[in-house]
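Listed next as structure tokens is one chain, alone, in the form predicted on its own.
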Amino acid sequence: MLKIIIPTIMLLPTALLSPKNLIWTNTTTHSLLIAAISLQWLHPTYFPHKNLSQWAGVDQISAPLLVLSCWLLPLMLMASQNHLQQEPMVRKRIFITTLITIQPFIILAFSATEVILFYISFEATLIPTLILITRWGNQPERLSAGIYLLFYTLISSLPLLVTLLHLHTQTGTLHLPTLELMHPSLTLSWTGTLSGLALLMTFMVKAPLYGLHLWLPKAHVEAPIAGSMLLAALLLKLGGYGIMRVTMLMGPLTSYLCFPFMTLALWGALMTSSICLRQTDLKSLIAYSSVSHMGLVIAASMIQTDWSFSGAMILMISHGLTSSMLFCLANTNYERTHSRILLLTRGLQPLLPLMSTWWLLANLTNMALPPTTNLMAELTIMTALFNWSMPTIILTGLATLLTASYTLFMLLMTQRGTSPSYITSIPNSNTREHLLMTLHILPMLLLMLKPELISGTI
């Protein structure tokens, strides 16, 4: 565990002390090395916990998410290079430092076996994210987006802290492996039900559940590219991971509490997909598609079968890579046309032919084309939900249909059609952007060959 966390913390002096012509090279190379070392966590084992210490341990649910979070740091650094070109050196260093500070907290949150440590690191990721959005966003509305993010997260997570302290007085420990072996302490009393609600609600806001999702499109639209990638690929997954962990501890209570959450999650998947069909803003469209995908993850983690957990796990990883790639593509368009409105950025295929190949690949994975892991995850989740209750197939089927339609809408709007008259000359796509897209799509293509690495079943 420490052999990843200590090099990640040592990235801070690297960013602060590198000479100004080498700062991007040094930080990106160093973080890529850390990402390469983190791949060892995917090594299959027969033990439930790998590297178990008193405060952290990697098991089959957290390993893929940990590798994803290590993998995305170099990609975020690479994506941010262009829009920081004009900034003075000090600001570049502060930006890179902010990005690097989030990383140890995310790693701790995914690997903590002590629930209070998980809570602390879960909350600590909020502060650098807030700094990223409110300082490096593009528009004045970024302040209101930051306030939304802050208050949604804080109001929902204070009851969680109270409940954790209450649980600690009842059971005497908050160590996850120990808690899983004990009898569930939450009963069907009023206290138990409210505690269960408090435990779930934090992660439902973070995931986000439809109805509690209003902070997400705002935050995504206003955030810089690194902030969007971070939110879509990692912070939403903290919510899904938390639900998986907490439902295991709640025992019989989940089977009573799951109905309102399941209803909202599945209905939300349908509603946000149809909202996507009438979006004018590209980043907002991708943000709403994240809500609809995470709705499936919430629904799957609430019914707690092996199949549904496996499907939720695969969907979280593949959605993390896909949505991050889509945000990068949207950003390349934004840097060239300085607009996110779909009507003003049409017909880019003849202007940027290679980029349209990446657009096609990203959109096909987003709408779950057959060999991809996205399809495997959606099928697994739909089967598990159908087994739980037959009518869910109507909602999930419609959601899949709408997902395919808004993804094709996004592809056709950005790539086809006549390009607007004001786009006369446009800078070519460069190697950095192609490398960035390759590093997003390569893990997805490789995971098609061996999806059991991320299915949480090893």
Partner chain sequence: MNPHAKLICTLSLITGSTITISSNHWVMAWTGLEINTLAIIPLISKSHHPRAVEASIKYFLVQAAASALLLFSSMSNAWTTGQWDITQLTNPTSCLLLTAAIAIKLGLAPFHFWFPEVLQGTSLTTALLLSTVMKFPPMTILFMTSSSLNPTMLTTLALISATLGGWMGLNQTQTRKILAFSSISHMGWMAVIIIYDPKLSILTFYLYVLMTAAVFLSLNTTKTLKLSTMMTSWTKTPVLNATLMLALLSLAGLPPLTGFMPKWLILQELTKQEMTVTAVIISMLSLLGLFFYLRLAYYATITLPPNSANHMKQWHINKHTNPMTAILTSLSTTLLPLSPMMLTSI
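Residue numbers count along the first chain shown, from 1. All figures in this text were calculated on a predicted structure; none of them were measured in a lab.
Separately, the form predicted in complex with the partner chain exists; it is not shown, and the next lines address it.
Determine whether any heavy atom of Thr134 comes within 4.5 Å of a heavy atom of the partner chain in the model of the complex, and answer yes or no. Taking the distances in the model of the complex, the answer for Thr134 is yes, it comes within 4.5 Å of the partner chain.
Even though the partner chain is not shown here, does Phe105 get within 4.5 Å of it in the model of the complex, heavy atoms only? Phe105: yes, in contact with the partner chain in the model of the complex.
In the model of the complex, is there a heavy atom of the partner chain that lies within 4.5 Å of any heavy atom of Arg91, even though the partner is absent here? Yes, contact at 4.5 Å.
Taking the partner chain as it sits in the model of the complex, is Arg142 in contact with it (heavy atom to heavy atom, 4.5 Å or less)? Output for Arg142 is yes: heavy atoms within 4.5 Å of the partner chain.
I need to confirm a contact call. Of Leu343, Leu154, Leu188, Leu214, which residue comes within 4.5 Å of the partner chain in the model of the complex, counting heavy atoms only? None of the other options qualify; the answer is Leu154.
Please identify the residue among Asp306, Glu335, Glu180, Glu87 with any heavy atom within 4.5 Å of the partner chain in the model of the complex. When the partner chain is considered in the model of the complex, the option within 4.5 Å is Glu87.
Contact check in the model of the complex: Ile120, Leu130 and Leu150 versus the partner chain, with a cutoff of 4.5 Å between any heavy atoms. Do all three pass? Checking in the model of the complex: Ile120, Leu130 and Leu150 are all within 4.5 Å of the partner chain.
Tell me which stretch of 221 to 229, 237 to 245, 70 to 78, 163 to 171 has a heavy atom within 4.5 angstroms of the partner chain in the model of the complex. In short, 163 to 171.
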